[in-house]
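Let's start with one chain on its own, the form predicted alone, as structure tokens.
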Amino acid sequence: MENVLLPPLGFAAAWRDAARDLLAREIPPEQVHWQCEGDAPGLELFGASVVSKAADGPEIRLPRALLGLIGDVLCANVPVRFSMAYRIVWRAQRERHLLGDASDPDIAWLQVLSKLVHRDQHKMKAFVRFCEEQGSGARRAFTAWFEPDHFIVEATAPFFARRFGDMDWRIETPRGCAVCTGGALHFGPGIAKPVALADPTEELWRTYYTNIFNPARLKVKAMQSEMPKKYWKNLPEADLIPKLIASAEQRVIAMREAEATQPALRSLRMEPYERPVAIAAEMTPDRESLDTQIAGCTRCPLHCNATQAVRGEGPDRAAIMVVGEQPGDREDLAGRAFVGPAGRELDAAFMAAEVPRGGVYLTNAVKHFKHTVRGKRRLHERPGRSEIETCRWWLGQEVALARPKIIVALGATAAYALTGNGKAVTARQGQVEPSLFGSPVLITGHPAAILRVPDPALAERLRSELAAALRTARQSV
């Protein structure tokens, strides 16, 4: 029987050295007894082997994913973590596709332990709260206390070293302590919970937490799932949580009573045909003032996530106005209408129809970019009716200032904003309809639709329809 005793600090590196040595000597897992110093006594009775570098032997190769899982299981708070890791490495040398067998008991248990360790690391990153040590020296110094479920201090501490490299700090836990001084990271044995430090900023944080607590979005079970009660005792705001939960319902009632009342949806749907009168009565006097007001628009929530409002561009008096749906990602960043991929399709249609872009007033029915974030991408999301109707105010102002003889509506959103008719554009292609603002509206598809269709023949047909609509507009003026 091979007996291996590992140190409580640096156990992962010591395990790797011992595993290499054992594999080089072809010692099977059932003949190895692993133990970490400080665990229940056992190896001391037999004497532990000295951990040494592996002798010359066969090269050990493991998939990168398996190496990560083994690193996780070494941190798991289970008695068999070292023997289990060695058994899997032993098997992986002989079973090439071991990791791909999800039904294998060892692999299934490895995945479970990895998730538990990752969750514990996530909680450590989320719930470590530093208290500043007063008068500690030239560099600011902070101390934190945390109680992990697993042996994750050495694996997680580099995260804090990268994030807080401009200060000295120490994280104390029962399973080991991490100390960062002058950018150098050191580790020490675990300690019992020390006396809590007084932090003058805690009261400020408690006041902030009380004010940002939103009772209308309270979900107690979800909150306790993400922030289990065992962490509450080390959080300065923890004693506020029960009171905030208890008073949540009354605060929601008070918020509802204080909010502004809105007209019924039914009445909003009847308003569009009356809005031209209101627009004419409160019309912005000039283009410069209108552009300034659009840039600062906060009439609907879309302004919260967009980079900027994208105003219309073109001559103050334009015989033809072209209205799209909303700015895209490129337009939102540039602050100009139709400068992205759909804009290039529109430019091609202008050339085919012999319509100079500079003589057309270009704008959108909605002035802010509505989107959802997926990773690093911002994906287009179609505006809702309430957002279209709210932004119709600005569209009416632009029509009143440009006074176009004809308006080309690109797509369903523009058609609805201009006519109040939400029917499908495909059935209205090429039709001229009355608008809510006086000028006739020619309905056609949006150039972005050309980019979305996979069929080249259909894309070419859509290009022809767009160019034909612009040509009709040119001939009508």
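In case it trips you up, residue 1 is the first one in the sequence shown, and so on. As the structure is a computational prediction, the values presented were derived from the model and not from experiment.
Although not depicted, the form predicted together with ligand URA is the subject of the following passage.
Contact segment among 186 to 194, 334 to 342, 392 to 400, 215 to 223, judged by heavy atoms lying within 4.5 Å of ligand URA in the predicted complex: Stretch 334 to 342 is the one.
Heavy atom of residue 327 within 4.5 Å of ligand URA in the predicted complex: So residue 327 counts as contacting ligand URA.
Ligand URA in the predicted complex - contacting residues of 433 to 469, heavy atom within 4.5 Å: Stretch hits: a single one, 446.
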